[in-house]
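Next up, structure tokens for two forms of one chain, structure 1 and then structure 2.
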Structure 1
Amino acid sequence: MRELLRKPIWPLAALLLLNLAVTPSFFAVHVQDGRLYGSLVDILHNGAPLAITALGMTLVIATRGIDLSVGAVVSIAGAVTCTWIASSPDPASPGAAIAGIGLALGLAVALGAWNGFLVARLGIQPIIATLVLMTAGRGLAQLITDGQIVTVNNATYSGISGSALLTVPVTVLVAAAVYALVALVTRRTALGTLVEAVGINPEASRLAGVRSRTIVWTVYVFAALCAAVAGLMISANVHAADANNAGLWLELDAILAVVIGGTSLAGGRYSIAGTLLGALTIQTLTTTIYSVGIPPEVSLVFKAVVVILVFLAQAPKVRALLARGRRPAGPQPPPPAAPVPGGPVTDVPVEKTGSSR
């Protein structure tokens, strides 16, 4: 929680306040047919796919990588599942849905492994390596659906998005579960530390014996899996697979969410909580635009403005310029490496890491 507070929470807070000003009932939540409804619930429900995709992207970016192919994987996951269900002998049976979902997740692992192969094994720049699947992936999805929008009528499948458990939408629960799982895995295993080590200093990590390739491979597979889960949600929400439009530009939103959340594109230290914050900020922005009454299409302008503001605020150069304006030409604070022989170093400001992760 302490970590969360250090993240740029102001865009989200500002958006929520704006909503409250425009729509006094914005924070109202009510139960209907055993499911929660309300603007906040909508934000969580609609933001779940982005939040999950951004989570996978976070780990990839932490290793100094990037995955442009997640949008394509989203569309492939929906396409595979819907096509499988539609062509199974009993398209309404739970078995067909489960098999289809399993197939989609399995395929996602293969696609992630492919990205990992290009990056870790062949040493191709991540942005280019994943561009291949970004370009071809959507074509593959269309190949699977034969260019059609495949609609399915399967209660089990629709349940991924439509149903609620204890009044909470399943999408929100799944997203929460995935976040909890990742938080748990990165805390209970050494994955988090090793991912950061590889991202912060690849050479030092190599010399310390870290199996960087395995790590890199793992994060790309995980990112693809996350994208597939998001794809299933998106497709289940509309009971159909739209290979052309499902997850379009999701990779860009996911990258934005990660960076808004305070994880640097240069790799290294990452923040899961920050990514969640970033994803919620983006989704709230979209919802706000609806609620304020601006045509939804114009939302892109606002998104652009928010992105520009957040990035300008985070850019070291801008901060330096601002600081210089405030503090006239003072001497730079000395770096903390103080070689005091044997003496105490108590005057050195020591940055602590948060205990929340």
Structure 2
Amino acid sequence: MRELLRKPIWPLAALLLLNLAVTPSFFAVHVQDGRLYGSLVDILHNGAPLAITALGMTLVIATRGIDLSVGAVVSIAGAVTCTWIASSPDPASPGAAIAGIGLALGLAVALGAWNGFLVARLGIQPIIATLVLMTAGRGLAQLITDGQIVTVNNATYSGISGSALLTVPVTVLVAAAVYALVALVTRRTALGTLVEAVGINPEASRLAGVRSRTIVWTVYVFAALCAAVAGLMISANVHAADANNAGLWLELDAILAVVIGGTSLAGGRYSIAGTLLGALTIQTLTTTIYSVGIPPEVSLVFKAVVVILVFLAQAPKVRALLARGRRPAGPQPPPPAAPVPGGPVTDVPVEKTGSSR
């Protein structure tokens, strides 16, 4: 919580105030059928897949990597689960949903291990290694669904996104639990320090005895697993798997959320609380686009402009210029002159002496 309070929250606060000005009932929350409803709840509910995906991306970027395949893994996870449920003897049974979920998560672990193998073992640049799965993965998802939108009617599977516990949507609780677990593991154990060390200098970490390849491998597996959980949430929310559109451009939103949260793309420095704040900012921006009535054909341009403004406001040079502009006007005292080497000495006291007589 202290780390979250230290992060710049003005972009999120500005978007929330804009929505409040457009929709006076934006902050209203009510309970219906044992579940919370309202615009703020929708932001948390719809932003849970992005927040979980961005969490996995955070650890990957912290090791000086990148994962462009998370959107494809989202599509694959939904395609595998829905196809398994639809083709099972009893599509409405809880067993079919559990088996499909287990199969999707297992496949995600294998895909993450493949990315880690390319990066950690073969030494391929992360952007190239994950670009392979980004392209081939969505084609694999379309191959699984035969290019069709696979719909399911399974109460157990739909409960991933539609049910609530103590009036709070399950998606929000799952995202909160994942963030709490990762924060506990990375900040209360040596794992977080090792991840930062690998991101700062992988070779020095290896020479110091750190298994840098194993850590890089692990974070890519974790990123794929997070993307699969997000894919299950997305497909369960719409009761279908759309291999072409599920998770489309989600990897870009995840990277934006990580960068807005203060994680360095150069590796070595990351912030879990900042990533959560960045994900909520991106989701609130998406909600704002719909609430203010921006046409769909210019929504991406508007989103890009807002993101650029946020980045500029956080840039050190821009902050320095703004701080210089806030200095009080008027004459400023000149800085003290530096002594000139070999010049006259004026500050040495002269001792008075008497007559020589």
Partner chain sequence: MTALVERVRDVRRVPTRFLPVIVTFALFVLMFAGGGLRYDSFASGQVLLNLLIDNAFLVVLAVGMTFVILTGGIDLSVGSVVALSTMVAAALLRAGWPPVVVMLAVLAGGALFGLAMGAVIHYLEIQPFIVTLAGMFLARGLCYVIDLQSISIEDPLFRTIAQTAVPLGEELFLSPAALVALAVVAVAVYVLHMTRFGRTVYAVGGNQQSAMLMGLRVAQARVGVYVISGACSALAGLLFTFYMLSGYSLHAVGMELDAIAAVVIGGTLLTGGSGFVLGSVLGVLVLGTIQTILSFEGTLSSWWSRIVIGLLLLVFVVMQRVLARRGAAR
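Reference numbering: structure 1, starting with residue 1. The structure displayed is predicted, hence computed values, not measured ones. Rigid core (definition): largest C-alpha set, two forms, superposition within 1.5 Å.
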item	value
Structure corresponding to the form predicted together with the partner chain	1
Core superposition between the two structures, C-alpha change of residue 33 at least 2 Å	no
Cα displacement of residue 304 between the two structures reaching 2 Å, rigid core superposed	no
Rigid core fit between the two structures: Cα deviation of residue 293 in angstrom	2.7
